[in-house]
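Let's start with one chain on its own, the form predicted alone, as structure tokens.
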């Protein structure tokens, strides 16, 4: 869902959404490529029109160019944000994806893990995935690659980093961590006040 939020307080800070710098684009695309590889092109050149990335208050927003043009009719001091927040830069200038990016990562994910029903709740509470909770894993998943985590019913639950490769997962004991948790849909409830 893409939207423009209006803010009616006249004392608001002047909003400055801008295109990403070369360095910001590099860091952002490196993080996206960890999960979706070359499919970044699909996010930009979509059949429903071209989309772009904009930076505002260290957060990257994904928005259609058509909406960007329409937002030009709204005064800057009334515009709070535009589009979907995909993540933010930390103070050390590392990029961290937010759970709001899941809808855009899941369809193009290169590496996937499916959790057994007994492990879903633990993952949704922010815990890492153990081998005992792993239902299946996509072939050729590399160690430390980005993975999208699904339920056995193919519902995207979140994403993380593979702690073991596909072959290592087959031969490891049940108490071993196979995926480091990064974000899950439970954050919509746990962090609803701070999630942007």
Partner chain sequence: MESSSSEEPRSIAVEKAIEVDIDPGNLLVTDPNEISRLQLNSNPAEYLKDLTRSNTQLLINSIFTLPFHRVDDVIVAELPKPTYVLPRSKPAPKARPLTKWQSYAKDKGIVKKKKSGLIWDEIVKKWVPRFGYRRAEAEHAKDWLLEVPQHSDPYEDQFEKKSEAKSERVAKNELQRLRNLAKAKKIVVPASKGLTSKVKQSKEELLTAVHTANKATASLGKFQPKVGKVKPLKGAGKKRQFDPLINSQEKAKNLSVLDKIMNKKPKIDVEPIVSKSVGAFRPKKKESYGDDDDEGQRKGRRGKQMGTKNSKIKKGPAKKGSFKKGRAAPKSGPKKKKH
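Computed from a predicted structure; not experimentally measured. Positions refer to the first chain, counted from 1.
The form predicted together with its partner chain is left out here; the points below concern that form.
The closest non-hydrogen atom of residue 185 lies beyond 4.5 Å of its partner chain in the predicted complex. Of the heavy atoms in residue 54, some are within 4.5 Å of its partner chain in the predicted complex. Among heavy atoms of residue 108, some come within 4.5 Å of its partner chain in the predicted complex. Contact annotation for residue 114: at least one heavy atom lies within 4.5 Å of its partner chain in the predicted complex. Shown here without its partner chain, the chain has 131, 134, 135, 136, 137, 138, 139, 140, 141, 142 in 130 to 147 lying with a heavy atom within 4.5 Å of that partner in the predicted complex.
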